[in-house]
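Heads up, the chain below is alone and in the form predicted on its own; it's given as structure tokens.
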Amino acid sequence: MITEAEITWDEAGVSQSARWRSEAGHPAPRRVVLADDAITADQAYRLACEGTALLWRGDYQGARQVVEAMARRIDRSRKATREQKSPEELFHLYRLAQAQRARTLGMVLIPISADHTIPLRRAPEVALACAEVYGIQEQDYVASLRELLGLIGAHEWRRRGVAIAAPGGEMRIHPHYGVFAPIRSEYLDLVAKAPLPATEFAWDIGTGTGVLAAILARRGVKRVIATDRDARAVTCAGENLARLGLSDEVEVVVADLFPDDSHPRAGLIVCNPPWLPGKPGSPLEHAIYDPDSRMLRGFLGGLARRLAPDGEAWLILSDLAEHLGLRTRDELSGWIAHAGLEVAGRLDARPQHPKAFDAADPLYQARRAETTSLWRLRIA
């Protein structure tokens, strides 16, 4: 959710204002003071914790150094004890700490001109990265340095792409800002290796970058409908599939879960929904957090009338929520049965991402036990 409002501040005794931009939907700071290289990290940290934003007037790299120093102070102060805490309590403490960290670090603000240039010394060239996300602007604006760094990082991901081992040889997927990068190989490997049902028509629900649709097409599925409700994801998937030469095999459409009823039933329906019930706090977190398991339950509940009688649905889902006490296996099994489905088989994979091996991570015990599964579902 994009937030556009105004921030105001006093400069040389004159009240000033500028448009506020926040892709994560954070409200405009109410208190804003000017800051430059003379401010210390301790002063900046104290003001940010009090809710005062710092509009930077010094060297751009100095602002980065202040944010990095503030982050170190936050991380040192977070001495969460794992003893005598349940996995669910640890998770909620972790989420609270992450939200507080984001709010505090987001208090360092950067002025940006309407042409997406930064009027500060030693500022990087960010026009293309900002244009990709903010589009054409008619007036100057202000954004948090933390968000700006996210835009720059996303632009680099989009420019370089992510190498994916896939049937038919390696392919590169180029994620856009706010679209989750396919960096967890275990779920991709499951889709690449699971036995395909005898069908020429498949759906990929919540396609994101389009990577699963591309894998299905590479495996020989002649027609794939890929859906997503997010306009950025639809654009991202379309560009990736065109770059891979798969536009004839895969059609990308805007839809909340399933395509409309004008499409025939599919012999294979694939979905990799967000794996944790909870409220996302940023565009990227929509791929991780699913409020009240809405997408998961909606996918399961809609399969019976959209799946071909002899078809299969592949639900690719991590069980991290179970290890955190946020959902039980019985709940998942109950949703499957209530939807008129049965389990035809299951393929499991252990996570390979770095946090699964980081003993310092607050959720390490749950991450270490995590399994990602491809559930093969059929109409009962």
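Start at 1 with the first residue shown and count on from there. Being a predicted model, the structure only gives us computed values, none of them experimental.
What comes next is about the form predicted together with a small molecule, which does not appear here.
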For this session: Only one of A131, M295, I74, L246 comes within 4.5 Å of the small molecule in the model of the complex by heavy atoms, so just point that one out.
Result: M295
For this session: Name the single residue among K193, R229, R305, K222 that comes within 4.5 Å of the small molecule in the model of the complex, judging by heavy atoms.
Result: R229
Exercise. Quick one: which of 111 to 119, 250 to 258, 150 to 158, 98 to 106 gets within 4.5 Å of the small molecule in the model of the complex, going by heavy atoms?
Worked result: 250 to 258
Exercise. Is N240 close to the small molecule in the model of the complex, meaning a heavy atom pair under 4.5 Å apart or at it?
Worked result: no
Exercise. Do Y177 and the small molecule come within 4.5 Å of each other in the model of the complex, heavy atoms counted?
Worked result: no
Problem set entry | Any non-hydrogen atom of L216 within 4.5 angstroms of the small molecule in the model of the complex | no
For this session: Answer for G267 alone: is it within 4.5 Å of the small molecule in the model of the complex, judged on heavy atom distances?
Result: no
